[in-house]
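In C-alpha cells, the next block holds one chain alone, the form predicted on its own.
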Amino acid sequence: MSVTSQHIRAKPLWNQKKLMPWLFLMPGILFFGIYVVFPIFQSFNISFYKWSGLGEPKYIGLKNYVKLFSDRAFEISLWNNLKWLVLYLLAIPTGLAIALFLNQTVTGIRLYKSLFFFPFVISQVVVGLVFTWFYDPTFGLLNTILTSLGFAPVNVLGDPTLVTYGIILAGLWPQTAYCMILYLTGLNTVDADQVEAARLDGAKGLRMLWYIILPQLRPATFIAFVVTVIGALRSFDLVSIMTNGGPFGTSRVLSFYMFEKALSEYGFRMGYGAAIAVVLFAIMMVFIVYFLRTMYKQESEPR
C-alpha cells in the first residue's frame, strides 16, 4: 500500500476525532446559548428602555443607570451584597477545619460525617424555614437559650441591624458543608510520601498544614472560593424565604431588589430591573474573569 493511500484512509479518521467532540457538545452549547447567553444580551438591551412588560418599550438611554446612583434601596442592596461577599468566605476556613477533623480515624466518624454532610443535601427553602424557626422571638431555640442564660430575647429577623447577618449565618450552614466536601475530596489526594517526609523532618501541626497540606489543596481551595463568591452574589432564596426583603427593605440584596422591581406585585419596571441585573452581572464578571485568569496561569505553569 502506498503512502498516499494510507494518508487518504487516515484523513476521515482524523476528521472524526476533531468533529465528534463538537457533535457531543453541540446540544449543551445550543441550550446554553438560547437560555443563558441570549437572555444576557436581551437584559442589556432592555436596560436602555422604560417598559412594564406589556405594550411598546420606550427608549430612554442611560436613565435607568443614572437613577441607580440616587436610589437608596439600591445602595442598601449593594452594601448587603458586600456583607454577603465578605462574611460568606468564612465557609472556606470553617469547611477546611471540619474536613481536617473528619479526615481522622476516630470512633463514630461516619456518624459525624453524616451530620456535617446533611445541610448540603437539603434545599435552601428548608434551610430558610429552619433558621426562621430558630430565630423566632417567641418559641425559637436561640431565644430559649438566651433567656435560660439570663439575657433578653432578640428578634434577629425583625432588627434592621441584625437581619442581614442572621440570613448570612443561615446561608453559611449549607455552604460550609459544601466546602467541607471539597476539602475531604482534596485530602484523599494528598501525597502520603510528602507528609511522611515532612514528619521525618520534624514538621507537625500548623507547619505541616501550611507548608505541606494546603499547597496540595490549592485546587479544592480555588473551587471553594469560586463557588462561595458566586453563591454570595446571587443570594436570593434565603432573603425571599426568611424576610422577603424586610424589615423595611434592610435585608435586600441586588438579586432580590431586581426581582422586586421587575416582577413583583409592586414592580413591573422591566428596564430598571434589567439595569440592576446588568450591574450584578458586571460584578460577577469581575470575579469570573479573575478566577479564569488564575486557573489559566495555574494550568500553564510548568510541572
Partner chain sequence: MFPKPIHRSAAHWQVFYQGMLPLVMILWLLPLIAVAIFSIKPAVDFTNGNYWSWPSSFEAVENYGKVFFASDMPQYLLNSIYITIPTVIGAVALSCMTGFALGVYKFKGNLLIFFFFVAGNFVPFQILMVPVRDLTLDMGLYNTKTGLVLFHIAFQTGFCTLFMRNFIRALPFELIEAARVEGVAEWRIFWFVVLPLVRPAIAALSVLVFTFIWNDYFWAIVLTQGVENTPVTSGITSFNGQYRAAYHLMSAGSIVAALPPVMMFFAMQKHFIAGLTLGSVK
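Numbering follows the first chain given and starts at 1. Everything quoted here is computed from the prediction, not taken from an experiment. Note that the rigid core is defined as the largest set of C-alphas that superpose within 1.5 Å between two forms.
Below, we turn to the form predicted in complex with the partner chain, even though it does not appear here.
Within 4.5 Å of the partner chain in the predicted complex, a heavy atom is found for none of Leu68, Leu89 and Pro153. Of the residues given (Ala73, Ala198, Leu146, Ile122), Ile122 alone sits with a heavy atom within 4.5 Å of the partner chain in the predicted complex. At a distance threshold of 4.5 angstroms between non-hydrogen atoms, Trp133 is in contact with the partner chain in the predicted complex. For Phe101, a non-hydrogen atom is located within 4.5 Å of the partner chain in the predicted complex, even though that partner is not displayed.
In the predicted complex, the partner chain sits beyond 4.5 Å of every heavy atom of Ile60.
Although the partner is absent here, Thr250 sits far enough away that none of its heavy atoms falls within 4.5 Å of the partner chain in the predicted complex.
Heavy atoms closer than or equal to 4.5 Å to the partner chain in the predicted complex belong, across 220 to 246, to the residues Ala220, Ile223, Val226, Ile230, Arg234, Phe236, Asp237, Ser240, Ile241, ordered by sequence position.
Residue displacement note: Phe281 has its CA displaced by under 2 Å between the shown form and the other one (rigid core superposed). Relative to the superposed rigid core, Pro27 undergoes a CA displacement of at least 2 Å between the shown form and the other one.
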